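To begin, one chain is listed below as C-alpha cells, in the form predicted on its own.
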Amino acid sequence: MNFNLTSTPEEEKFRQEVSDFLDKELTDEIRRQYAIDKGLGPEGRAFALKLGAKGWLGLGWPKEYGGSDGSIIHDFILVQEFARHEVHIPNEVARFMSGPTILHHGSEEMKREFLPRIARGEIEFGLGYTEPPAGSDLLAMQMVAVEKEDCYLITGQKTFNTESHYADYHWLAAKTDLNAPKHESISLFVVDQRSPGITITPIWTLGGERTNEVFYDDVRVPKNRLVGEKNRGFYYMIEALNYERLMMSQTERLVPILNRIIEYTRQTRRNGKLMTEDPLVRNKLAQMAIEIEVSKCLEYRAFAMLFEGRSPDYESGISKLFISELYQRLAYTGMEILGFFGRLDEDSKWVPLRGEISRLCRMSVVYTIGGGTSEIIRNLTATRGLGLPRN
C-alpha cells in the first residue's frame, strides 16, 4: 500500500494554508485548552470561531448544512497539521462523532439545527456513554429513557463526562427498550446540558484535568432530539467509534515531544558526559523513534481504507491501541531520562522541559481507557481480526 499525505498540488496548498494559520494563531494557552487538560476557555472558543469562519469544521459536509468543500483527505490533512502543531481541533466530540452521525442518520430538522452551528464552531458537545457499572461495555449501560406522549423522560447516571461542565449539549446514550436484545435496546439523544433535572459534579483526575459525573432525574427530552431511529443507537455508536479513533489520535503529535527530549539530552551532562554519549539513552530514544514510525504505518493503513471507500473495523482499533500505549511508553522513557528532576511540578523553576513529561506521564493513563480500553480492543482484534472464538 502506498499512501501520501498530500498527493496533489491542491492538497499541498491546503496543508500549507492550515500550517500557516496555526503558526500565526496558536498560543500555549490555546494548546492547553483541551478536554483532558485545562478545558475550554474564552481563548479556545474564539479560536474555534476562527476555524469555523475558515470552513474547516465542516469539511466535506453539504453546504446546505453549513459545510464546505473538501474530502476525507482534507479532513486527514487538517488533523495531521493540528497534531504537528500540538493542538487539538476544538469540540472533537461534535466534529468527529455527533456531527457525522447526525449527518448520516439524523432528521432533516436536526441536521439544520445542529450541523451549521457545529461547522461555525459555535457549540460544544460532551460525550455521555460511560456509566459506573458498565465502563467500556456499552451494552451494559443502565440509564433509561421512557417514551411519553411528547417527550422522553430520562433517569440515570453517566461518569467521566469530561466536557459536561462547559458543553452546550450532551451526546447521550440510553436504554429505550428493556426487553429487547442489548444491541437493539439503546438510542442516542441530543440533550441540552442545562436542562432541569441534570446535576453535574466534578471528578479531578491523576492528570489534573476535570471530568464529571452527570446525574439525570426525570429529565424531559423532546422527541425531536432522538437521533435517527429508536433502538439503533448502538450501531450508530460503533460506526462513529472507528472514525473517532482515527481522527482523534494522531501519531504526529508525539514527534515534537520526542524531539524536545532528544534536544535535552544533547544539552545536558550527567556524570561529566553529555547524555547523548550514553548508549542506554541513545537506545531508548532510538526505540521510541522506531515505534513512532510503526504507529504512523498502522494509522495510515487504517486511513487508506477510508480513503478507498472501505470502513475500517479492527484496523482503527489496532492503531488506537498502539498509539495510546505508545504515549505511555514515551512518557515513561522521558521520565527515566529526566531522572528525579522530571518528577517536579510544572511550576517549579527546576523542572526540565516545563514539566510536560511529568504531565504527559499522568495524563497518558486515560489514553488507554477513552475510546475503548486496551483490553476491549485486544479482544475485538482477536475475534474480528484473527477470527478467534469468544470463549
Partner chain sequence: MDIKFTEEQQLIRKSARQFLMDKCPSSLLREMVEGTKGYSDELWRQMAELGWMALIFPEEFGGTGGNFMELILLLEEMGRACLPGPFFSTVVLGGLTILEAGTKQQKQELLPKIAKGELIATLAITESESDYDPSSITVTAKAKGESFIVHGTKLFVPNAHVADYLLCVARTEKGKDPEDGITLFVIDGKAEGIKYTLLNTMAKDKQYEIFFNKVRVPKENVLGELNKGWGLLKKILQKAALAKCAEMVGGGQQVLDMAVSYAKKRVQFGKPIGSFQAIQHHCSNMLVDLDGCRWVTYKGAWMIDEDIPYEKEVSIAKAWCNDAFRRIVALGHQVIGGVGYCEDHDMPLYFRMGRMAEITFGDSDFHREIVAKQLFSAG
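Residue numbers count along the first chain shown, from 1. Since we're looking at a predicted model, the values are computed, not measured.
Quick note: we don't show the form predicted together with its partner chain, though the next part is all about it.
>> Can you pick out, from Pro133, Pro181, Pro196, Gly309, the residue that has a heavy atom within 4.5 Å of its partner chain in the model of the complex?
In response: Selected residue: Pro133.
>> Within 4.5 Å, heavy atoms only, which of Arg354, Arg362, Lys63, Arg32 is in contact with its partner chain in the model of the complex?
In response: Of Arg354, Arg362, Lys63, Arg32, the residue with a heavy atom within 4.5 Å of its partner chain in the model of the complex is Arg362.
> Taking 4.5 angstroms as the cut-off for heavy atoms, does Pro256 touch its partner chain in the model of the complex?
Replying inline: Flag for Pro256 set to no.
> Taking the shortest heavy atom distance, is Asp137 within 4.5 Å of its partner chain in the model of the complex?
Replying inline: Within the cut-off, so yes.
> Is Gln287 a contact residue for its partner chain in the model of the complex, using a 4.5 Å heavy atom cut-off?
Replying inline: Gln287 lies outside the contact set for its partner chain.
>> Residue-level contact is defined here as any heavy atom of the residue lying within 4.5 Å of its partner chain in the model of the complex; does Asp345 satisfy this criterion?
In response: Yes, Asp345 is a contact residue.
> in the model of the complex, do Thr205, Gly339 and Ile369 all put a heavy atom within 4.5 Å of its partner chain?
Replying inline: Yes: each residue has a heavy atom within 4.5 Å of the partner.
>> Tell me which stretch of 71 to 79, 170 to 178, 149 to 157, 197 to 205 has a heavy atom within 4.5 angstroms of its partner chain in the model of the complex.
In response: Every other range fails; the passing one is 197 to 205.
> What residues of 264 to 284, in sequence order, lie within 4.5 Å of its partner chain in the model of the complex by heavy atom?
Replying inline: Sequence-ordered list: Arg269, Arg270, Asn271, Gly272, Leu280, Lys284.
> If the CA atoms of Lys38 and Arg362 move by 3 Å or more in the model of the complex, do they move toward each other or away, so closer or farther than here?
Replying inline: Lys38 and Arg362 sit farther apart in the model of the complex.
>> Quick one: with a 3 Å or larger change, is the Phe114 to Lys38 CA distance smaller or larger in the model of the complex? Answer closer or farther.
In response: Closer in the model of the complex, by 3 Å or more.
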